[in-house]
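First, one chain by itself: the form predicted on its own, in structure tokens.
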């Protein structure tokens, strides 16, 4: 599996963290990433309401022709999104470990303002240790 990118979207749909890993992604501007996050937030909200068999937490996987978006919705409404190649075996596990790093390095940081962009060297280091260059086996 190749990991192309990681995004963290706050409960209002704002992009608070974005990082690319492997080569192959089109380079987007900051505004394009913000629009992408808002769009994904809207899609997730709509999919949580259209379930024909009762309440739903929304889309968990969005699959394209050459990629897969795996979404982890936290209890606070924050969304962690992992963009990977199609042969994906461990995206949910990586997202869970990313959430643990987020909880420890970001949310326990007294200098971080919730719902604002993440600027934490400790978090970046933990993500680098977890994902590295984006190539996993």
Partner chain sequence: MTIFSLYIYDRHCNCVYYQDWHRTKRLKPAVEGGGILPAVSRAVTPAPSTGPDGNGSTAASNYSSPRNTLSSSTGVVVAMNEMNLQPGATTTPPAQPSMNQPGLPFDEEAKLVYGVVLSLRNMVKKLAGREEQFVNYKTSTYKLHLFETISGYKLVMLSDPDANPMQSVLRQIYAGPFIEYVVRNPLSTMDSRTHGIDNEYFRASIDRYLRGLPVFP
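Between two forms, the rigid core is defined as the largest C-alpha subset superposing within 1.5 Å. Numbering follows the first chain given and starts at 1. Nothing here was measured: the structure is a model prediction, and the numbers come from that model.
What comes next is about the form predicted together with the partner chain, which is not displayed.
- Put simply, residue 76 is far from the partner chain in the model of the complex: not one heavy atom of it is within 4.5 Å.
- For residue 40, a non-hydrogen atom is located within 4.5 Å of the partner chain in the model of the complex, even though that partner is not displayed.
- At a distance threshold of 4.5 angstroms between non-hydrogen atoms, residue 103 is out of contact with the partner chain in the model of the complex.
- A residue is said to contact a partner when one of its heavy atoms sits within 4.5 Å of a partner heavy atom; residue 30 fails this definition for the partner chain in the model of the complex, lying far away.
- In the model of the complex, 46, 47, 49, 50, 51, 52, 53, 54, 55, 56, 57, 58, 59, 60, 61, 62, 63, 64, 65, 66, 67, 69 are the residues of 44 to 79 with at least one heavy atom within 4.5 Å of the partner chain, listed from first to last.
- In the core-superposed comparison between this form and the one not shown, residue 75 has its Cα shifted by less than 2 Å.
- Annotation for residue 54: C-alpha shift of 2 angstroms or more between this form and the one not shown, rigid core superposed.
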